[in-house]
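Given as structure tokens, the chain that follows is alone and in the form predicted on its own.
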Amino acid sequence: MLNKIISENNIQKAKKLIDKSDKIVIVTHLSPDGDALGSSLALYHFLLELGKSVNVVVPNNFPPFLKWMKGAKDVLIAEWKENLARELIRAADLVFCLDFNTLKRIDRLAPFVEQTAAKKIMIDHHPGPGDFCDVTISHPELSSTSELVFRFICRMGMFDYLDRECAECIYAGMMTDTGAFTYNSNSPYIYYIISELLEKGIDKDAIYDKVYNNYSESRIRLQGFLLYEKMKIFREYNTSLISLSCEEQKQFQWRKGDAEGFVNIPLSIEGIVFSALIREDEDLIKISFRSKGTFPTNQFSAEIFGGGGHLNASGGEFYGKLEEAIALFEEALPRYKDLLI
């Protein structure tokens, strides 16, 4: 049995909003990852089973290794069809905000969601939820938003409406947000949920293969280059840093999602507890942090780069040159030495 962490008040309010709504839009964060897309498509399939008109709208494109999920081809990518995205959100009765806690995380979609007359429900597991939704279901203690979507469906007493396609998306989201259940995954409830998803007919081994064994040749070559040429180890701080410029990305025919998971690799080195990936994008620097144990990557991210996230997984952005972001990171390490050794 699952513990009932979502309040009955939130369940009843959300259920009433769903019952009263015909046109529903699901929105998730910029550069959707496995949990963002998995939770969104899981909820999409569930709402379709209820007979609702549903659209999933994302700010920009997502990696090819996530496009196998049923419904992915119907996701509206706002960077390609912004006017249609605006109209769908404007005309909606209800907007679900999944896997993000502040409007800035949905980039170009933020003003559309902020201005719509539709009711809004947040389902998210990031700390510090903003106050912009009518119902806020926020549980940072959970492994993923996909886990929270499963719990949400069950708490409404609608487990029977959760079909195999929905279950596949939930599993994919849970798997990717825990590094294939290698971190933030000690709760016994996670494995109870997996058993329930298996009962729905998912093939968890096939899902793993589609996500983790479906990379391009150029991505594998890029990985080798980064580990051999670009990885820097700070032994005095038990820290690793990998940087990646736009020019290097072009050299290896980089495409969206190709850097996924790279930040985790140095944590397999003996003694390394903190890993950073600093990647140059077109108009900003993208930063990812991962850690083992108790080192608070979210604190480091917030204080140094104005970002945020979870204890062991967080990120941020920097507006400037790649070299400046690297220097800022390296200069900050001594301030956190006591937490790193």
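A quick note: this is a predicted structure, and the numbers were derived from the prediction, not measured. For every residue, the number given is its place in the sequence shown, counted from 1.
A second form of this protein, the form predicted together with guanosine-5'-monophosphate, is not displayed here; the remarks below concern that form.
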{"query": "Selected contact from Lys70, Lys286, Lys52, Lys292, since only one has a non-hydrogen atom within 4.5 angstroms of guanosine-5'-monophosphate in the predicted bound form", "finding": "Lys286"}
{"query": "Option touching guanosine-5'-monophosphate, based on a heavy atom within 4.5 Å in the predicted bound form, out of Arg155, Arg219, His126, Lys119", "finding": "His126"}
{"query": "4.5 Å heavy atom contact, Gly316 to guanosine-5'-monophosphate in the predicted bound form", "finding": "yes"}
{"query": "Contact test in the predicted bound form: Gly308 vs guanosine-5'-monophosphate, heavy atoms, 4.5 Å", "finding": "yes"}
{"query": "Heavy atom of Arg105 within 4.5 Å of guanosine-5'-monophosphate in the predicted bound form", "finding": "yes"}
{"query": "Location of guanosine-5'-monophosphate contact in the predicted bound form, chosen stretch of 39 to 47, 268 to 276, 308 to 316, 59 to 67 [non-hydrogen atom, 4.5 Å]", "finding": "308 to 316"}
{"query": "Residues of stretch 194 to 226 in contact with guanosine-5'-monophosphate in the predicted bound form (4.5 Å, non-hydrogen atom)", "finding": "none"}
